[in-house]
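First comes one chain, alone, set out as structure tokens in the form predicted alone.
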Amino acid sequence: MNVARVGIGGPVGSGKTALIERLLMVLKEKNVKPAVITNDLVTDEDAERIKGGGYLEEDKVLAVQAGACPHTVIREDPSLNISAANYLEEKFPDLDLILIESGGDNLASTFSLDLVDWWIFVIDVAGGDDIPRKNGPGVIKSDLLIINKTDLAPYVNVNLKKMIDEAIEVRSGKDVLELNCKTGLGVSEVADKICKNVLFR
């Protein structure tokens, strides 16, 4: 791999695409040149959303249709995503980073290290404050765990501090960040983690 590849996974509705949209804005300010690959079951919905947002040139956004469980093409057989990433590298030799968004999946979703250098797992408070205690591989094994939609905690009866503390405990020292994609709170910190751990390590 010449261009750094970062995976972004998590359950349906956790905020993966919203995070990518926000990250593209922050990365531009940092003079990082990204591209994006999205994964969906049988649609290009997330890719079209990113293209429509105007955050990135449309030809730097590719869609992969899994046609099966979304984790299949990021873990068991990531060849479709590897081919898409190789294509982007060849077409845009000045790229610094390729963000690969998994299709929405459950807490068992993980990325193959043949596909990515580093990966992020996104959960949200609306999914329940018991998610860290369920010890899903995505929560435990990811390089960075993001707890998104923190502003919703009072409305869904979630003890946010307890959720964060339990996430820190099960991750044995690996990074945990709070995020609110609606306001942008925490997005700069995510970009900084990517830069430190992948781009400028």
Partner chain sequence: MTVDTSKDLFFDKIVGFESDPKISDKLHSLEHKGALDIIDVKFEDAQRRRMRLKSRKGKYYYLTLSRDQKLSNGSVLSLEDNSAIVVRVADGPKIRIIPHDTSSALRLGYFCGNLHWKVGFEKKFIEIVLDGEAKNYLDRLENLKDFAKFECLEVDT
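Positions refer to the first chain, counted from 1. Quantities reported herein were computed from a predicted structural model and do not represent experimental measurements.
As for the form predicted in complex with the partner chain, it is not shown, yet the points below apply to it.
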{"property": "Contact residue in the predicted bound form, chosen from K30, R49, K141, R133 - any heavy atom within 4.5 Å of the partner chain", "result": "K141"}
{"property": "Non-hydrogen atom contact D114 with the partner chain in the predicted bound form at 4.5 angstroms", "result": "yes"}
{"property": "Partner contact for E76 in the predicted bound form: the partner chain, 4.5 angstroms, heavy atom", "result": "yes"}
{"property": "Location of the partner chain contact in the predicted bound form, chosen stretch of 49-57, 141-149, 156-164, 36-44 [non-hydrogen atom, 4.5 Å]", "result": "141-149"}
{"property": "Triplet N2, R5 and H71 all within 4.5 Å of the partner chain in the predicted bound form via a heavy atom", "result": "yes"}
